[in-house]
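Shown next as structure tokens: one chain only, the form predicted on its own.
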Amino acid sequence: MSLHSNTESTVVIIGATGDLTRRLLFPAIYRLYALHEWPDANIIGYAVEDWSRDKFLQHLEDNLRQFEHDFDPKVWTELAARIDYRQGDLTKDSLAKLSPKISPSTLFYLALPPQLFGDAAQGLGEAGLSTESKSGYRRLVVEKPFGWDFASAKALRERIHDYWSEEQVYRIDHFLGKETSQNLLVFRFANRFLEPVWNAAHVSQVQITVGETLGVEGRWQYYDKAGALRDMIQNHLMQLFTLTAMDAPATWDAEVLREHKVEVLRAVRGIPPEALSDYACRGQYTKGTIGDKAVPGYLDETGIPKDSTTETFAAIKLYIDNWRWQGVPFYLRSGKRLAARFSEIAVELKDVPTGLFGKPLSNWIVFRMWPDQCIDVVAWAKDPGLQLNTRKIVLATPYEKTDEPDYTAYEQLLLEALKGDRGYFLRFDEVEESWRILTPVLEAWKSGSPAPYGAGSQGPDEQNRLMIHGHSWRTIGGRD
């Protein structure tokens, strides 16, 4: 069966037989279709495997049946009628064969290893598939990582821009599609009581933590070259950092939002190489226990070289030299094989300036992403009894409802890309400013070794060097 461009738009997934498509993209498309949210768009899978359309559809169906607990054969039959498959490589002659199969409005999704992004963008451009007409658009969705360092990120951007304008490029970071990321913006800017205290006059510190219990889980070929700093902090955590620190935009416009995020990155104080140990820490997990299961150390994982110095934990401290945040430390950390799968943005307000209750009292405002999506306010109240003693209380506001549809970040971001809303996608200067900030750390970590930490722990003790006097890391897996 051959599908032609008789619908409003086309989504071409390049790398359609790979793990990203199987685990994330097609389940997201299936859920959108089941919820009647998928637009009038056909889908073409494109990959080097010499598969028939039937084999590709069976591959997708087998995975959906395995991972989608609400799999509906009727929904799949309807969606499958919109799906085609084409075999080919990334050369212009091969990609040009897609031309009669696609619509004037087409989105190309690069579900490829990062080293192939430039080849794919160039091949599509040379095949004439990046050229827009008055009757439609051409868009390119690129997954992270966007380069390997500042120089490679710049080179990738220049190669893409040989054929694609910046307005056509959608750099996807799935953390920007998460409910917590978007709720952070709404909660910050829709509530008058928050803005007066969201600054250096009242905030003592900000901690952003993304902890995993998983190890490399078969991704060793990529992960051992990347490490935690490149894999998580340079993209995901830096995005959460900019959303937390940015000023309020005048309008809810994609370019205004992105400009405000870039302003934050431009204002970040450079990390001094001579004092790097006070600003950055790395670790590598050793054997330990996750839950009740014994797990191997990183160097004993399949495929990992015995002398690898790749970090599986990274933490950095950043300062923003602007009026709002002068002097406030932002602590970012992420690691594998930690005590809990745990993600949060935690903002601590300064101690109440009184000795009325005999001890320092501060508040936390916490945006929790995992294990539950919730906003916590850690406050103080009277302890029941005859004495005027205080006790800590947590005011929790979950914003997930059990009867709401189960969306992931990919559903959100696919729809935004098809609509042409670029607010939740990265602009090239966001990427390059982030690499600029982290360059001293990457250079320093070319030598030496990460500190060991046991699997199932809070991470390496060396992370405590980053904390200024009076600060300490929040407990991974804790609530207050």
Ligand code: BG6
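Given the structure is predicted, the values throughout are model-derived calculations rather than measurements. Start at 1 with the first residue shown and count on from there.
The form predicted together with this ligand exists for this protein as well; it is not shown, and the discussion that follows is about that form.
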Given that this ligand is left out here, which of R138, K144, R86, R258 has a heavy atom within 4.5 Å of it in the predicted complex?
K144
None of F150, Y319, Y222, F187 but one has a heavy atom within 4.5 Å of this ligand in the predicted complex; the exception is Y222
Although the partner isn't part of this model, could you tell me whether K350 comes within 4.5 Å of this ligand in the predicted complex, counting any heavy atom of the residue?
no
Since only the chain is shown here, I'm wondering whether H236 would be in contact with this ligand in the predicted complex (any heavy atom pair within 4.5 Å).
yes
Non-hydrogen atom contact R171 with this ligand in the predicted complex at 4.5 angstroms:
no
4.5 angstroms heavy atom contact with this ligand in the predicted complex for K178:
yes
Name the stretch, out of 154 to 162, 261 to 269, 388 to 396, 224 to 232, where some heavy atom lies within 4.5 Å of this ligand in the predicted complex.
224 to 232
In sequence order, the residues of 315 to 350 that place a heavy atom within 4.5 Å of this ligand in the predicted complex are K336, R341
